[in-house]
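One chain comes next, on its own, written as structure tokens: the form predicted on its own.
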Amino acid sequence: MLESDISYLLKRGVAEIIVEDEMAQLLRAGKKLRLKEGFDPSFPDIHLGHMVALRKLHQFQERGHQIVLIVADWTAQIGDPSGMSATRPMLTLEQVKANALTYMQQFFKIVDKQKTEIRWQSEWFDKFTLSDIIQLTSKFTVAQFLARDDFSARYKAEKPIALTELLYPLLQAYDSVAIEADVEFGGTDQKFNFLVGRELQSMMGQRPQQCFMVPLLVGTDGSQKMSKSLGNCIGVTEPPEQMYGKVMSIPDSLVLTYFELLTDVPDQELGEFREGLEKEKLNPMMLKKRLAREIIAQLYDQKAAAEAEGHFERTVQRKEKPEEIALGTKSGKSLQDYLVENRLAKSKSEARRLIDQGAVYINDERVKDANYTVQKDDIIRVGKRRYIKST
């Protein structure tokens, strides 16, 4: 592999690699690496924040390396019995399988399904005995785990930490042993877990995995990491028009970061973008349009990207109504209920908030009465881009 190629893989869109020199040597040696990517099927949806690591995996996959996708079906069925973690609900096997199917459909929009090895945690953990668990826990101390930032903060604040929670890093680490991972991929928030995996492999006589960490993508609000629960995310299966509009809404300060982490636009061109913005020779809106096209073309195709741009220019920039407006459900309900029923709001409280904020229009008139009765053929708009026509 060319040094320039190795540099691109290890530098572009990368936060930290442990150990980078070792990683570079493996690539120079031409070894086919086993690349571990695990996911928690508690929540099935993938957004652009996840796409940062998946794009990097795909780059390695294109160069002949093996992606191993681990479905954490076993731990998902345990959940978090302490109730301390909202991200670990206890799931049934049926829920796990349904979420995993949805996740993989989105995962394979970015990586090649035919070249991906899929493994389920239950393949090895279903065979575990109490003796196996005790042997696994004996390899680490409580002090080591309390060094993790979130555990440390809760311990100092005298907040409870369930024993179950201490097991999760161990179980994730054993996944690396089970599949003999060469590299584990994920965000910087996974560093502790990755290092536990690296240490456990060494104890078990395996070569310790490399820890490949990508930056956490800031969401559309411009302040917090992209998260579905925070409502600042862009899902990889959202309609192209909606995706385009959300990309256009990100703060100007994030444009170059999004280009670096989510596109293949060359570094040299990104440098020209940076210089153009600094010298105010480039309009940030033009760059956002390019960014939106690049992202949508990856997840859909060039035609979808062009159509989404046309839709944005007509409905937002020229304030024209879309040529085709989706039909909603039957009229006669309150505006608040109608928004929820037609998925223009996730809940009645969100619907009321949108109405109170003046984000809801009916027939081009702003409406602030949540109890307004929706009439037949009303054209309802939420925000700048979301239209529906009542029936």
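Note that the coordinates shown come from a computational prediction; the quantities given were computed from them, not determined experimentally. So that there is no doubt, residue numbering starts at 1 and follows the sequence shown. Take the two forms, superpose them, and find the largest set of C-alpha atoms that agree within 1.5 Å; that set is the rigid core.
Below: the form predicted together with the RNA, not depicted.
In the model of the complex, at least one heavy atom of G245 sits within 4.5 Å of a heavy atom of the RNA. Among heavy atoms of R293, none comes within 4.5 Å of the RNA in the model of the complex. Mapping the unseen interface onto this chain, G358 counts among the residues with a heavy atom inside 4.5 Å of the RNA in the model of the complex.
Taking the partner from the other structure, the RNA in the model of the complex has a heavy atom within 4.5 Å of a heavy atom of P251. Stretch-level contact analysis of 26-34, 62-70, 346-354, 39-47 against the RNA in the model of the complex, using heavy atoms and a 4.5 Å limit, identifies 346-354. Using a 4.5 Å cut-off to the RNA in the model of the complex, not one of Y174, R198 and E309 places a heavy atom inside that distance. Checking I110, L170, V265, V316 against the RNA in the model of the complex, a heavy atom within 4.5 Å turns up for just one residue: V316. Residue-level contacts in the model of the complex: of F192, W124, Y300, Y155, one residue has a heavy atom within 4.5 Å of the RNA, and it is Y155. Residues are counted as partner-facing when one of their heavy atoms sits within 4.5 Å of the RNA in the model of the complex; in 259-297 these are N283, P284, M285, M286, K288, in sequence order. The rigid-core alignment places the CA of N371 2 Å or more apart between the shown form and the other one.
Core-superposed comparison between the shown form and the other one: the Cα of L10 travels less than 2 Å. Residue displacement note: A24 has its CA displaced by under 2 Å between the shown form and the other one (rigid core superposed).
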